[in-house]
Each structure stands twice: as C-alpha cells, then as structure tokens.
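In the structure tokens that follow, a single protein chain appears in two forms: structure 1, then structure 2.
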Structure 1
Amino acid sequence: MYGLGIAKGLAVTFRNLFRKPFTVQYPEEAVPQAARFRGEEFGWFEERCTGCASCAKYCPLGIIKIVTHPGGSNMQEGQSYTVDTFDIDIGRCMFCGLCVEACPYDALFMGSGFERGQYVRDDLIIPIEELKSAERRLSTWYRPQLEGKNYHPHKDEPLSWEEVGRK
C-alpha cells in the first residue's frame, strides 16, 4: 500500500523532471498580460471630464475625492465644472471598475500597470497632477471601442483623448 503511493509520486516527478519550466523570474523577466487586465493605475482625460462626479458617487468604497467649482463653459448643454481636486486612493481600491463604468464621458479608465508598491500608505493616493501627467496605457476592459481596434496597452502606443471615446 505505501510502496504503491510512493511509486505513483515518483512517476509524477519523473514525468515533470525534463519539462520546460513555466515560471517567470519576475522582475528580471516581464510578465505577460492580457489587454483587458485592470491594474493599479488609472487614466484620466481632463479634456473629457465635466466634473459631474459620477465616478465618486458610484464608487462603493468612496475612495475618489472630487472638488469642483463652476467653470462657466458648455452653458448650452448644462454647465461644466472646473476640477480642482481629483484624488484616487488605490490603497483602499478593490479594482471593481464601477467608477469607470459610471463615467458618462469616458474620462476615466483603468490602466494596466501593477507595480505601484509603496512603504507608506499615504503614497498610494494618486493626485490630480499625477493623473494629468501619467502615461495612458489603458486597459481594454469594458471598452469595446478599444478591443475593436485590437489595441494592446503594452504593445501599442498610448492613446490620446480623441481616440478613446465611444463616439
């Protein structure tokens, strides 16, 4: 009884002994990612954002802080607001994507990066300045217009705000 179990275990070992390993030696070797991977970064297009705060309203954890004041533009469509503060606390984010789905103007996207580890929890807040200057490697999750173009965030160039909308 014990000898049969050991023989079966050794058979599995010998079967796998000469196979090519499929582990990745991260960080020396890049980890392959799918185009729909949602990571710890966000893409925000200031040009598309009207300051409606739908993303903050629909966030189940309340991690998005938006402070606006009346901007005086787009008066015919219903006034747009100037965004003073747009902070996202990714230390508490569960990456559900409800904020991205709630944005009616396609101003907020989830990115595909995942290397934002910090030692201090306060450094996990993404301020508006970082959102404005960040490279936009957008996940194609919940964005059929990007999947239709066969866009891949790590192989293709970052997109401009004109190219990402649903139109």
Structure 2
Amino acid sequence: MYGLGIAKGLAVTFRNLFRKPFTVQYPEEAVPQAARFRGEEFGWFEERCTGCASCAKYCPLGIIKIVTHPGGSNMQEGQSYTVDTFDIDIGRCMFCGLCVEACPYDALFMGSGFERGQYVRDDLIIPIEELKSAERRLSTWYRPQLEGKNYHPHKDEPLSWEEVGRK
C-alpha cells in the first residue's frame, strides 16, 4: 500500500523524538574518560627520575630531549644524574606511551588531558619547569600499581611522588 513505508518511517522518528540525546554539549560537559586514557599533561616526577633517558631512546619519533649532569640528591644509591632539560615536543607526539613503558623508575606517566591547543608550534614543547609545577592527572596506563589503588585521574586527588611507585 502506498504510504505505509512513510508511516513506518515516521513511527521510528517519533519513537526517537522524545528520547534523551546521546550527545553531550562538549565545552560545558565532557564524556567520562577511562582511567587509562593516554593524553598530554605528562606527569613527571623529578624525585624519581635518574636521568637514564630510556624514555628518549624508546620514543619512536625522538621527541624527548634530556640534558643531564652528574650529581643529584641520592648519589649514595648509585649512579644518579640531575636533569637539566626534559622537553617533550607535544606537537609531534602520537601518544603511543612507549616512553612510559620504558621508564624503569616510574618517573614518567601519561597524562589525561586533551585540550592543549596553541597558535604557535613552539608553544607545544613542554619545558621542564612546566613538568615540575604542573598539577598531575596521572593516567594509569602501564602503571598497575595505580590501578591496584583504584586511582582515577579525574576523580581522585593528585598523588605525590612517594605514592606512585611500584615499591
């Protein structure tokens, strides 16, 4: 019968007309992120880092720049270096997380941010000062010790450097 298809189609439309929408109004509200979300706002702990540059070697694109000099606070525990430069070029980062996987001392963490838009490319390089002072929203990616604590970067308080190690 002619018109039956239209009636059927409009029935589907009416069923969906009064439903709660799936979309969210992004800048005001955001969809929930998984705890393992790999994003920028890298978490780096000066106290844990020995300057071994494993992360820089593992990076497929070579975007981590580390400059060190011998010395540092815990020389008794073995070889240690003071990190002078720790620049991450976010503009070329693809967030694969291999640097985090490479870190033997749990000093580097993926962050959970995604809103770092800039007008100039040079602004996308995270300098060491920013890494030191940033509020750390650590992703639990490749950090099972944080998952063991049921830590979520957007619900829980930022952790100190003593709490994030795998002991």
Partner chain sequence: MPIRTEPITVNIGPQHPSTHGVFRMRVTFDGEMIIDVEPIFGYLHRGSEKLAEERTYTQVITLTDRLDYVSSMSNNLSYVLAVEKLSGIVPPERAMYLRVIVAELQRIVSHLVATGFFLNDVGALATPLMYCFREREKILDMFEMLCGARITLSFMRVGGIFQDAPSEFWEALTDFLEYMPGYIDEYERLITGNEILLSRTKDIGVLSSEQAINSSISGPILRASGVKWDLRKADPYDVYDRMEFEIPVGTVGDNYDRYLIRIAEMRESLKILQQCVNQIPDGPIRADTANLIRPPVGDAYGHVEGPKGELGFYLVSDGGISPYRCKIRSSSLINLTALKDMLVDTKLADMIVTFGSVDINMGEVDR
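Just so we're on the same page, rigid core means the largest C-alpha set that superposes within 1.5 Å between forms. Counting starts at 1 and follows the sequence of structure 1. All values derive from a computational prediction rather than experimental measurement.
**OP:** Pick out the form predicted together with the partner chain: structure 1 or structure 2.
**Re:** It is the second structure that is the form predicted together with the partner chain.
Original post:
Superposing on the rigid core, do we see a C-alpha displacement of 2 Å or more at residue 155 between structure 1 and structure 2?
Top reply: No, its C-alpha moves less than 2 Å.
Subject >> Core superposition between structure 1 and structure 2, C-alpha change of residue 25 at least 2 Å >> reply: Comparing the forms between structure 1 and structure 2, which are aligned on their rigid core, residue 25 does not shift its C-alpha by 2 Å or more.
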